[in-house]
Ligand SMILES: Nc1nc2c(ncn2[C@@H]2O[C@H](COP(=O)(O)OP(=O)(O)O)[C@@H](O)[C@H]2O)c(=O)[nH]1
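Just the one chain here, laid out as structure tokens, in the form predicted alone.
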């Protein structure tokens, strides 16, 4: 190793020790904040927070968020201590990631295709073997338990089967570790992986999509990734998933190495460069500021004798190998800066809150309690008297309203409207029609009773709300918890099981009352009866009796009673027909009156049943009794709370003294936390400015 490399290693080691010390100090600050637990308050707006904004958005997630931060700090310490630099090559689907890895290795190891083929992460390691130039591939199912020396933790795959393993979407493997042998006699020049400065691991990832965006982001942010090389197609620019990924990674890694592939296929290359650089400026300003070193427009497929690709290799080697403080330590410093900024911001915010709370408690403690308590007792008596009057007024109103509504429900108008809603199905189903009317009346009454009860509930609720608002208005100046307790005792009247009034249908209900029958129908009925008698005598062939009847009473109509017998028969038949028609008309008239008879009779019977049950008085009594019970309970609860409030006032002085001591202790804690986090933050900022 040259002297320059030794000096680089020494400077890097010194930076590592400084960063490790800062990580430990930051870990202690976060741990101290976690010990404060729910005492930590977060600002209403979390836009100024970088790492702890999830905890700020949800108080219940504070502990888990802080624990995750401490876990990441532990992983960060391991990453800084690890001499290996891990380089993640990622990008959109089919952007040429595997081709770039092969080009950087100066060796075709990973399979490439015009179609997307990489379905899992492939980590490429370098190892020295002078006798064997064959690559080894370890297919890993459980990444957490993988050990290179333990063959039970992986499956060995031949290099010729690597393509089929990578493109298969159904393989059970989670990761592939490729160990490429370094044979100095076979290599024409050093690649990024094979160097004499530091061990490098190249990681080829699947293309970004709905499933892998989160996986890759977590891999890049939370695990052991030091450098991100993002490959973007010059033809497609940055996709939505690519921008989302870069913005997530930029929260920790300010500098991202970007390779724009297939640049030779672009006709207007200047326009392409301008558009892509504009996108980079939005997602990673730090990367845009170092465009010459970090952004490269190349065509990996045409890398041979390509000056652009040579510059890419040199810049990446310099970024990964020579500028390790920038590539490996800067992400750690950036994360520490973000965490310390959050801790300091939260500490200062809580320090101000604690100081304000201390002043508030001291002022409250120094005030006098006796005049205030006398005023409270006076107000309590006034509240009790007012609530009793309010209760009495509500009971009278509900009682009066209930009585009137029950009376209205059983009135002729309401019952007629209910009966009219039942359709008459015809004479054949007249009995069912009568039953339907009976059921409809019963249901109408029961539903209206529940409606009346609901209206009483509403009146009770309004009364309780008035009581609550009155208590709030009178007592909130002493203790706002009385308001909460008043609302918690909100209730309504219990549901009453109303007795269902049902009337039985009888045959006489089908007969219309006498005052509804007119004289014409009676006459027609008599005529119909006469005709029916004639038909009866004719049917039994009592001819002589009939002829004698006709001769005696209809002689003026016949010139010769014995000479024209057919004419006499015609007259007799006409009389009989007239009688039948009259009887039919009468029967029709009574049948047509059946619906009216049922409606009138059943309504009267239903009203009589309601009267017998004393429904108005009973319903009024039941509802008002329930309302009174609820309101009395409410008054008792409020009175009990007022008495409790007075008793609590007697203990408030000691409680205030305890709160003063506690507030002072919390203020001292946040004061120390803010001071130490600010001092460490200044140190990290200075270190970042040096880079």
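Quick caveat, the model's predicted, so the values are computed rather than measured. Numbering follows the first chain given and starts at 1.
The next section is about a form of this same protein that is not shown, the form predicted in complex with the named molecule.
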| property | result |
| --- | --- |
| Region of this chain that lies against the named molecule in the predicted bound form, out of 601-609, 134-142, 331-339, 86-94 [heavy atom, 4.5 Å] | 86-94 |
| Partner proximity in the predicted bound form: residue 249 to the named molecule, non-hydrogen atom cutoff 4.5 Å | no |
| In the predicted bound form, residue 408 touching the named molecule (heavy atom, 4.5 Å) | no |
| Interface membership of residue 300, the named molecule in the predicted bound form, 4.5 Å heavy atom rule | yes |
| Contact label in the predicted bound form: residue 620 to the named molecule, heavy atom within 4.5 Å | no |
| 241, 99, 457, 180 - the one with a heavy atom within 4.5 Å of the named molecule in the predicted bound form | 99 |
| Among the candidates 462, 108, 439, 113, the residue which, in the predicted bound form, approaches the named molecule to within 4.5 Å (heavy atoms) | 113 |
| Members of 246-272 lying within 4.5 angstroms of the named molecule, judged by heavy atom, in the predicted bound form | 261, 262, 264 |
